[in-house]
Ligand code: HEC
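Here's a solo chain for you in structure tokens, the form predicted on its own.
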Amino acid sequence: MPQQVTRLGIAFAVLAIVFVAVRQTLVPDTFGDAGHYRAAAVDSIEAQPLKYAGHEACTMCHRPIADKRSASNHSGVSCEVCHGPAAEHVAAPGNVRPRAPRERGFCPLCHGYNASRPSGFPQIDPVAHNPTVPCMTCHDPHAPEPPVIPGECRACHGQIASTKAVSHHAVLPCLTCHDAPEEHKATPRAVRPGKPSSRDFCGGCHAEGADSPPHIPGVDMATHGEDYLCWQCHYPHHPEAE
């Protein structure tokens, strides 16, 4: 047998021994007993002390505040999201007080402008929006509806507004294409704005022969894009042709 084969066999044997030794040393005893994880981890987690009480426990003592929150835009936000773990407070309410964040930097953790947040989620620029003023001065955190209904779409649709501002549609008011009732500004989830649903809407400006200024591109709606909807190829808020 060639020496190379013998040496290779020895190397594989050593690696196998090292692998078995390391596995016996590092792999927990209960690993694999109930799947590809350490089964005893369930017992370890169960033994940890409880830190969160759940919003039901808060409601037992704070019913008026809980009712106000459940009827507001914060209805889906649990009490302990803002006030922190409350199990110790529930156990000894006179001795342990939960935190009540009042600093200005807390609310922008969710409501500071971030392009990754969904369209319509209320966002502000913390530098420009009432600088240095604590959010609670104008907004009740348990019923955070704005004291003044926003007059512009940018208040909630900052990303879309910023995109449209650098496009050929920059001068078009949002209501040119969207049917947005006034109720949408006060209750955006309950009253949704309307959107165009047919090619004819875009053709009102972009069809050949349309009553539009000469600098607006015109196309033959019968042949251009065939049966596709315009926004399947052109993003309406930044409609430059590809």
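These figures come from a predicted structure and were not determined experimentally. So that there is no doubt, residue numbering starts at 1 and follows the sequence shown. Think of the rigid core as the biggest set of C-alphas that the two forms share within 1.5 Å after superposition.
Not pictured, yet referred to below: the form predicted together with the named molecule.
Colleague: Would residue 45 count as a contact of the named molecule in the predicted bound form, using a 4.5 angstroms cut-off between non-hydrogen atoms?
Modeller: Looking in the predicted bound form, residue contacts with the named molecule do not include residue 45, since no heavy atom lies within 4.5 Å.
Colleague: Answer with yes or no whether residue 31 is in contact with the named molecule in the predicted bound form, where contact means some heavy atom within 4.5 Å.
Modeller: Taking the distances in the predicted bound form, the answer for residue 31 is no, it never comes within 4.5 Å of the named molecule.
Colleague: Can any non-hydrogen atom of residue 119 be found within 4.5 angstroms of the named molecule in the predicted bound form?
Modeller: Heavy-atom contact with the named molecule at 4.5 Å: present for residue 119.
Colleague: Considering only heavy atoms, tell me if residue 49 and the named molecule come within 4.5 Å of each other in the predicted bound form.
Modeller: It does not: once the named molecule is placed as it appears in the predicted bound form, residue 49 has no heavy atom within 4.5 Å of it.
Colleague: What residues, if any, in 74-88 have a non-hydrogen atom within 4.5 angstroms of the named molecule in the predicted bound form?
Modeller: Read in sequence order, the residues that approach the named molecule (within 4.5 Å, in the predicted bound form) are 74, 77, 78, 79, 80, 81, 82, 83, 86.
Colleague: With both forms fitted on the core, check whether the Cα of residue 222 differs by 2 Å or more between the shown form and the other one.
Modeller: Yes; that C-alpha moves by at least 2 Å between the shown form and the other one.
Colleague: With both forms fit on the core, has residue 197 moved 2 Å or more by CA between the shown form and the other one?
Modeller: Yes; that C-alpha moves by at least 2 Å between the shown form and the other one.
Colleague: Return yes or no for residue 68: a CA shift of at least 2 Å between the shown form and the other one, with the rigid core superposed?
Modeller: Result for residue 68: no, shift under 2 Å.
Colleague: Taking the shown form as reference, are the C-alpha positions of residue 70 and residue 191 brought closer or pushed farther apart in the predicted bound form, with a change of 3 Å or more?
Modeller: Distance between the C-alphas of residue 70 and residue 191: shorter in the predicted bound form, by 3 Å or more.
Colleague: Distance change of 3 Å or more between the C-alpha atoms of residue 82 and residue 155 in the predicted bound form: closer or farther compared with this structure?
Modeller: Compared with the form shown here, the C-alpha atoms of residue 82 and residue 155 sit farther apart in the predicted bound form, by 3 Å or more.
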